[in-house]
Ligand SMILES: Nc1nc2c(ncn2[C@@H]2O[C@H](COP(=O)(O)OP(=O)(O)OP(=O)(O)O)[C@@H](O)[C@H]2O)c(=O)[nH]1
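In the block that follows, a single chain appears as structure tokens, in the form predicted alone.
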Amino acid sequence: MKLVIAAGPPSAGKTAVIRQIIGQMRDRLAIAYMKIDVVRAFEDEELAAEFGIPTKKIYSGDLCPDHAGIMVMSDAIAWAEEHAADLLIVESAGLCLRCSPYTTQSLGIVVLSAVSGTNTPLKMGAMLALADIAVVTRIDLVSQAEKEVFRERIREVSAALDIVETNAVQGTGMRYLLRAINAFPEIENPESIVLRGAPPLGVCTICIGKKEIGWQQHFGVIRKLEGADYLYRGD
């Protein structure tokens, strides 16, 4: 079974890209789909109704959705194998720009909207830098000059990243992405899959429930207003 993990900011067009993948590959591959979101999600129901494929969703709640995805990934692979899937597509909400959902033995796809601003790629961090392919959607709504600037901003983050430009609703420009998925190898050993890249530096005390303002009230990795360095406060 192949594993594809798609991430990107909200409303970037992730599900539209995935809909094109499923629509154009389901005659050759048995596809399973899992959606990871924070509070509510409907994409799994829509894709199940449209394509008749097995789908699943989880809500991360208090967890980062990218981290929740890592926690459930082995279960998701086993679930897809139970459905005899040839391809498992995992769509992450991708809300935390310091995190990345991609694993080893997966094809990492980041989806960005061309109308989000030409400097958006520079703000993406690991979600873009650790991906294999960047899919830029809504290219029909920007000028050629804006497309070229957007492409160069992606190159600034990751010079080797493959870029696919598409109007995902109509499916233009998707042939390269489909070829990349077809050429990508299947999972060799699910037990050896690990998170790609380094996870964030640490969980702060705000993440675990402290509400007081001011760095003096917190411990672990902290940050002051003045100075660019992070500090460690505590034992």
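Owing to the predicted nature of the structure, the values given are computational and were not obtained by experimental measurement. Position 1 is the first residue in the sequence shown; the rest follow in order.
Absent from the display: the form predicted together with the named molecule. The rest refers to it.
Original post:
Of 29, 178, 48, 169, which residue is found within 4.5 angstroms of the named molecule in the predicted bound form when only non-hydrogen atoms are counted?
Top reply: If I apply the 4.5 Å criterion carefully, the residue I get is 169.
For this session: Answer yes or no: in the predicted bound form, does the named molecule come within 4.5 Å of a heavy atom in every one of 9, 35 and 91?
Result: Answer is yes for this spot.
Have a look at 69-77, 101-109, 138-146, 125-133 and name the one stretch with heavy atoms inside 4.5 Å of the named molecule in the predicted bound form.
Heavy-atom contact with the partner occurs in 138-146.
Using the partner position in the predicted bound form, report whether residue 25 sits within 4.5 Å of the named molecule, counting heavy atoms only.
Residue 25 lies outside the contact set for the named molecule.
Inset, instruction - Counting only non-hydrogen atoms and a 4.5 Å cut-off, give the residues of 11-45 close to the named molecule in the predicted bound form. - result: Contacting residues: 11, 12, 13, 14, 15, 16, 35, 43.
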